[in-house]
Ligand code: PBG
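Have a look below at one chain only, the form predicted on its own, in structure tokens format.
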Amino acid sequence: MRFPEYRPRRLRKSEALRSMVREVRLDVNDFILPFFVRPGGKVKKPILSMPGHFQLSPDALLAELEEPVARGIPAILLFGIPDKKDPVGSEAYAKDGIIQKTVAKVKKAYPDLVVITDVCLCEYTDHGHCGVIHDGDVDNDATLELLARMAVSHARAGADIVAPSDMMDGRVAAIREALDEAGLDHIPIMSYAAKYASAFYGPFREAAESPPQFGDRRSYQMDPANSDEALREVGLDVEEGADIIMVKPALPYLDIIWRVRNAFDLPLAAYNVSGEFAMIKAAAQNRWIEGDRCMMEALIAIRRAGADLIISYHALEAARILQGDAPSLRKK
């Protein structure tokens, strides 16, 4: 095909034509909406670096879920902020922990909503790392038992999917074995399979109150320079029993999403993380960009790269736009 016989602009003339030939589409069913929960009643504490998001008590969360559920967002991802922390994150796997109590309440109020729980110790440890500390470093194998206990406790509380985000070696196998032994073999695992040691997590650490108190997480999260390693990491999680695989972050790692999509046929999620969200929000507030259009363009990019599911703090706003309840994106 060549000019002048072939003119690509012919199919760009109107929104109707553009929509007819659009290669990638966003749908509300693509989204998973994260929430941060903490003990208490009627708590709705704004997260300054993440406009429109809050630390919520369980009762406040139930109220916040009304619109996402009504709009058809199929799933949420819960992060817990306990009242007390200790070196082994014991509140993470306590029967009456904040996530365990919240899951039970959410499933009672919204039984058809898919509830996914983050399985990691960083929000629950007083040192802020994702595992048990021995001799100044995270002890991989000692951490596995606690992660498995945490996943089982979430599933017993009613979680539909557990999502280990710690990046310990072997944790998917440990969790799968523990779930199966507990009679919870029907519970899927969504593994943070390729999770990078990223600078884009800053707002999340404020939201979850989980910054490490010493050092950093580069000894267990992946080096941003590596892509072949991501395929090895994902492959290990698949072999260990992951049902859904994830790449995190999303936008700086679209190439990783693409490579994983082409190498594996499991459902693929991508986490559009807090720093990606905050940058768009900050630039839009300063009127440097059109926030809604940039948001939708970013989400389309994640789908175009190959993600089936998008975990995003933009999910509710995007759902409003897709359902025609937000300013039109048809300009320009």
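Numbering starts at 1 and runs along the sequence shown. Please read these numbers as outputs of a predicted model, since none were measured by experiment.
Omitted from view is the form predicted in complex with the ligand, to which the following refers.
Visitor: Give a yes or no for Ser274: in the model of the complex, does one of its heavy atoms lie within 4.5 Å of a heavy atom belonging to the ligand?
Guide: Yes, contact at 4.5 Å.
Visitor: Taking heavy atoms only, is Met190 within 4.5 angstroms of the ligand in the model of the complex?
Guide: It does not: once the ligand is placed as it appears in the model of the complex, Met190 has no heavy atom within 4.5 Å of it.
Visitor: Closest heavy atom of His154 to the ligand in the model of the complex, within 4.5 Å or not?
Guide: Contact with the ligand, no.
Visitor: Quick check on Ser165: any heavy atom within 4.5 Å of the ligand in the model of the complex?
Guide: Residue-level check for Ser165: yes, a contact with the ligand.
Visitor: Using heavy atoms and a 4.5 Å cut-off, decide whether Phe79, Cys120 and Lys248 all contact the ligand in the model of the complex.
Guide: Judged in the model of the complex, Phe79, Cys120 and Lys248 all sit within 4.5 Å of the ligand.
Visitor: Only one of 104-112, 193-201, 68-76, 257-265 has heavy atoms within 4.5 Å of the ligand in the model of the complex; I'd like to know which.
Guide: This holds for exactly one stretch, 193-201.
Visitor: Identify, from the list Met222, Val172, Leu146, Cys130, the residue with a heavy atom within 4.5 Å of the ligand in the model of the complex.
Guide: When the ligand is considered in the model of the complex, the option within 4.5 Å is Cys130.
Visitor: Check each residue of 284-318 against the ligand in the model of the complex and list those with a heavy atom within 4.5 Å, in sequence order.
Guide: Counting only heavy atoms within 4.5 Å of the ligand in the model of the complex, the single contacting residue of 284-318 is Tyr313.
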